[in-house]
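There is one chain below, alone, in structure tokens, taken in the form predicted on its own.
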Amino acid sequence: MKVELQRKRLISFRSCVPFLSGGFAFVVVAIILSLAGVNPIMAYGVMLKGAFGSLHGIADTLVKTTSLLLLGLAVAVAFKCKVWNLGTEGQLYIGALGATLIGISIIGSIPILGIIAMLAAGFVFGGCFALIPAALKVKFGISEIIVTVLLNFVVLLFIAYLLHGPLKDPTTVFNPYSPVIFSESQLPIILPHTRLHAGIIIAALAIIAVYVLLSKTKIGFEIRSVGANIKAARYAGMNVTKSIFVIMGISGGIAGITGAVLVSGVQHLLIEGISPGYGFIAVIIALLGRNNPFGVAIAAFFFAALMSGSEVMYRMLGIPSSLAITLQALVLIFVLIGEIFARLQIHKTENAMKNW
């Protein structure tokens, strides 16, 4: 009874790890700010005000939340199947490329259809690109971690080549970018006089879709089973190879939609730095949200507020916006430490229960 009670306490502690890690990260950064001669309370106050202190601040936070949430879901879906897709940054860019090609074509000039076609192109481009590491993993046993990470750089260089060459807007000289997409392909603004666009609705629908996929469908059950125990899933007659291909296609597709939303709702064209590293932040968000769609949504909102607030903090106090990156890294470190500690203790407790 005592061992069982201890196990329940450890599980409760494990569920609190994301919140504790965030708190520890802020404490460490506060110490760093103090050593640098900056009042941490004032700095955090400015950060909070920048993220939520005005209508524009809230809108900017929600715009960032849209991209982080979609990419967080893309990573979480793959992680749920124990497939480590670290290439969502590259899949985002490929999806943005597909969406841009539609947005500047004749299809992009058709109202409503242009937006739908851009989102579909983003999903197809991102999903197909994600099948490359899936095929290499299944056929040759090559780690998807290595392949997805390396493909990020391949895509960035490919996009740079296109924007300096075939896809470059002929009216620009120094700053390479694509032609602007048709206005009919641009996501509508849902909050006047701000940048908040209808992509936030797409992100909300994605939460529901991923939840239903993982919890209420047969393929979702297979994905969870493969992630929980691949040997048991294979013994039960599940097609593990099919699950890996499906999950990578869906994961890459969601990442591609993120790129399409950035083109259609924010930039209205393709540029080299269309993503400020969203794909890498999404890994932290998925871990922090424990691969649960609703947990990912909360984590994405937290990191979006962090990014928006740090930008204002830089403008008002001169504190480098890289402070947000420091916070993100510390949150990840504390999450991993807490996770390792909780797992070790749970394992010890389970062994004690066996020997009871």
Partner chain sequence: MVDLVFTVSIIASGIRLSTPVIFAALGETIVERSGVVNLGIEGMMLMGAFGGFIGTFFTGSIFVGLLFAISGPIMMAILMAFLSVNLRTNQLVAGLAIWLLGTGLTALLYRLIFGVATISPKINEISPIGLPILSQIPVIGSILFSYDPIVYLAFLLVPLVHIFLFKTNLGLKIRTVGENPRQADASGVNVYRIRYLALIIGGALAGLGGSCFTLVSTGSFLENITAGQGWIALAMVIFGRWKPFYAVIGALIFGMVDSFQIGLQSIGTAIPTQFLLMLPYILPIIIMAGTYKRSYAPAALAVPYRRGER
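Numbering follows the first chain given and starts at 1. All figures in this text were calculated on a predicted structure; none of them were measured in a lab.
Although not depicted, the form predicted together with the partner chain is the subject of the following passage.
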Taking the partner chain in the predicted complex, would 57, 62 and 254 all count as contacting it (heavy atom within 4.5 Å)? no
Out of 106-114, 119-127, 197-205, 134-142, where are the residues with a heavy atom within 4.5 Å of the partner chain in the predicted complex? 134-142
Is it the case that residue 167, even though its partner is missing from this view, gets within 4.5 Å of the partner chain in the predicted complex, heavy atoms only? no
With the cut-off set at 4.5 Å between non-hydrogen atoms, does residue 287 touch the partner chain in the predicted complex? yes
Does the partner chain come within 4.5 Å of any heavy atom of residue 301 in the predicted complex? no
Should residue 190 be counted as a contact of the partner chain in the predicted complex, where contact means heavy atoms within 4.5 Å? no
Answer key, the partner chain contact in the predicted complex at 4.5 Å (heavy atoms) among 84, 182, 245, 177: the residue is 84
Quick one: from 266, 271, 283, 101, grab the residue that has a heavy atom within 4.5 Å of the partner chain in the predicted complex. 283
In sequence order, which positions of 129-160 have a non-hydrogen atom within 4.5 Å of the partner chain in the predicted complex? 136, 140, 141, 142, 145, 146, 147, 149, 150, 151, 153, 154, 157, 158, 160
